[in-house]
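Shown next as structure tokens: one chain only, the form predicted on its own.
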């Protein structure tokens, strides 16, 4: 086994028992998890298998099981992490394996979740290649990764960053917060710039959605007061146009998605205007737009049906 995998296993095995406490015990960290899960739930297909790669203690799998999804498979390099997941969810299917060598046949999953995994890897493209192999043709990968382009790390935000950091220390002092020591992380653990992550995913997939979240609330992830946490989370909305601390990515092997359809439609209209030699029936062009809109309504309709357990898929 490669040295970085041994280092990652050592880190995860040491953290397994306290992982949920470190990363999911505060109101803000739970709110961040909820936001990601809302995105995941949008793309999960009822009665189809979902792969939670690098599932750890099962934070995402647990939310899916609570909402009635039963065909969840969580895989992780660390047996200790999956044991913690099994303590909470005895019914969860878990497999200890290397994400670069998944023990599944090709095109086995309609939805694959990859939550904060790639930034642990020296060669994340290898795992994405394996994810692509296991993903069904019209399946979707939903991922999140930490951002290195955080708004408060830029020179133009120096004053706002200073005030925000002072506020963070002030609130932590009120709560008498004492940092809990964590084991050292190996050298490959890092964050991504937007350009790095876009290239990493676009080399293997079509990106359907890509945006950053939590520009402000990431500073207060250990805050314990639910009331103060709600105020802090509300502040995130004021910075939603700026780079946050986490990227959310949705991608597929095929270029699907309502936004892409509309974008491609209007791009094609521009092409026709620029090249009068291209001939196409105006009736066809006029009919294509309402068909795209009808497709969006059909998607929303099926989403409602799936929540009631009546989806045709």
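Positions refer to the first chain, counted from 1. Computed from a predicted structure; not experimentally measured.
Below: the form predicted together with a small molecule, not depicted.
> Heavy atom to heavy atom, is residue 24 within 4.5 Å of the small molecule in the predicted bound form?
Residue 24: yes, in contact with the small molecule in the predicted bound form.
> Does residue 236 make contact with the small molecule in the predicted bound form, using a 4.5 Å heavy atom cut-off?
No, residue 236 is distant from the partner.
> Are any of the heavy atoms in residue 76 no more than 4.5 Å from a heavy atom of the small molecule in the predicted bound form?
Output for residue 76 is yes: heavy atoms within 4.5 Å of the small molecule.
> According to a 4.5 angstroms non-hydrogen atom cut-off, is residue 55 in contact with the small molecule in the predicted bound form?
Contact check for residue 55: yes, within 4.5 Å of the small molecule in the predicted bound form.
> The small molecule is absent from this chain, but in the predicted bound form, do 4, 12 and 98 each have a non-hydrogen atom within 4.5 Å of it?
Yes: 4, 12 and 98 each sit within 4.5 Å of the small molecule in the predicted bound form.
> Using a 4.5 Å heavy atom cut-off, which of 41-49, 56-64, 265-273, 240-248 contacts the small molecule in the predicted bound form?
Among the listed stretches, the partner-contacting one is 56-64.
> By the heavy atom within 4.5 Å rule, which residue out of 229, 127, 219, 140 makes contact with the small molecule in the predicted bound form?
So the residue touching the small molecule in the predicted bound form, by this definition, is 127.
> Let me know the one among 197, 215, 112, 81 whose heavy atoms come within 4.5 Å of the small molecule in the predicted bound form, would you?
Among 197, 215, 112, 81, a heavy atom within 4.5 Å of the small molecule in the predicted bound form occurs only for 81.
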